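Here's a solo chain for you in structure tokens, the form predicted alone.
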Amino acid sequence: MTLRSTIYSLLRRECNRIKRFTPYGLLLTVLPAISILFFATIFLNGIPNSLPIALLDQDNSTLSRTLQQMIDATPEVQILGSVSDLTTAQQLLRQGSVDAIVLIPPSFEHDIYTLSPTSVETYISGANILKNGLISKGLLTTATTFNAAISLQTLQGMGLSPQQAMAQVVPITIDKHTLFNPFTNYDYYLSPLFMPMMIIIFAMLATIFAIGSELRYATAKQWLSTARGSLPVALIGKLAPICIAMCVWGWVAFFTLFYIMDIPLRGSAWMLIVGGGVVVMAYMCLAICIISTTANMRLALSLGGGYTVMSFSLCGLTYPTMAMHSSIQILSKFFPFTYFAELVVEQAVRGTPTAYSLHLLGSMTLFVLPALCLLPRLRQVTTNRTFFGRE
């Protein structure tokens, strides 16, 4: 029996198992498709806007109504309605009906015209940091614009030309250039990593189930027998369908991101494709380590799922790794997704030259080594009946 026919027999056996075990088949087909569709739509708007706020106008003057109109025209916020008193506004804020309160004080217009100091109070919920930042930015921009308009009007009334008045109001201007993602679009930043993250989770769970079910249902010896006793050949025949399926879904995800959703791709598409394949294989090898060590499918699925979810928390996407505790920074290096996330940012967002990202592929490849070291342990658990039938 040739090696080719042996691998063919293993592939046919594994495909039959995929058909027989519904969760196994779902991990390779339906669930990746649903996750890609889900993350293709969740950030469709790109930037959160029209966040609801309540406004309490205690002045009801021409200037206060002008300020109200300017606030309502700000993209980040939308005035849900005017309230009659602060107690009602606070109740709406506590209920979550609004995310902020804007209070225009009495004599607002009078104080401005008499050059007396005045202020507009804002109460912003800090329960959601993203909303807090967007509302603060929108209200601050509106207040700055309103103040500048009042100052310009006052200075021009004193006889200054518009150019002279502008120089007095804004003596220093900042020429700001936001690189790579000038629209601060969350879809451009998050989706290219959310989609691969889900595929990696499915690759981890499918690999653990593929090997763990051989132990759970005491068919491991039959599996090795089909491979003529060669564990490496047995692993190739078992894991090839998973690897192919996950890589194909990775290509579908990248095609969806950069060609259907039209997310900018500034670097090498081939680098991302190769990196996606390497990170899938890295997590599949780590799945081999987990099931070899525990020899328990249920426990291995729990550990594998927890490990992959932690990968996203430690990759530095939502909270910078450099700001984490030094011990957590070291821990993040033990997750292949950390290097893959950096690869995606470099190639998709920043357009880094390919040569500068090759070390990231090398770092992900190193995660194959622990699986090679644990092959003797895997042979032990697949040939010893004491490891069979565990819950």
Partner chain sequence: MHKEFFRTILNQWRTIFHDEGVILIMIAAPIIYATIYSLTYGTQVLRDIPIGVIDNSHTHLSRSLIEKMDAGANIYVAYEPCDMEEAKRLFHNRQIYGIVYIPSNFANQLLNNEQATLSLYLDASYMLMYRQTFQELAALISTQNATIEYSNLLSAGINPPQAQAITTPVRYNSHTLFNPYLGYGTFIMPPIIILILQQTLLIGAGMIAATRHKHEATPLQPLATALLILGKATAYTLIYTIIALYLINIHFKLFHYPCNGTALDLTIFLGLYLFVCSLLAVAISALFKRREASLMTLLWSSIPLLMLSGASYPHQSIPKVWQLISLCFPSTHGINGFSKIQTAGASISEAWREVNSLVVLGVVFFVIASLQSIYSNKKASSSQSNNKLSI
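Worth saying up front: this structure is predicted, and the values here are computed from it rather than measured. Residue numbers count along the first chain shown, from 1.
From this point on, the text means the form predicted together with the partner chain, which you will not see here.
Stretch 190-198 is the contacting one of 232-240, 219-227, 248-256, 190-198, since its residues have non-hydrogen atoms within 4.5 Å of the partner chain in the predicted complex. Checked against the partner chain in the predicted complex, the residues I260, I244, A73, L130 give one hit for a heavy atom within 4.5 Å, which is L130. Residue in contact with the partner chain in the predicted complex (any heavy atom within 4.5 Å), chosen from S84, S161, T318, S107: T318.
The partner chain is not shown here, and in the predicted complex it never comes within 4.5 Å of any heavy atom of P264. Shown alone here, L27 lies within 4.5 Å of the partner chain in the predicted complex, counting heavy atoms only. Although the partner is absent here, L286 sits far enough away that none of its heavy atoms falls within 4.5 Å of the partner chain in the predicted complex. Taking the partner from elsewhere, W270 is found to have every heavy atom lying beyond 4.5 Å of the partner chain in the predicted complex. Shown here without the partner chain, the chain has M322, A323, M324, H325, I328 in 322-341 lying with a heavy atom within 4.5 Å of that partner in the predicted complex.
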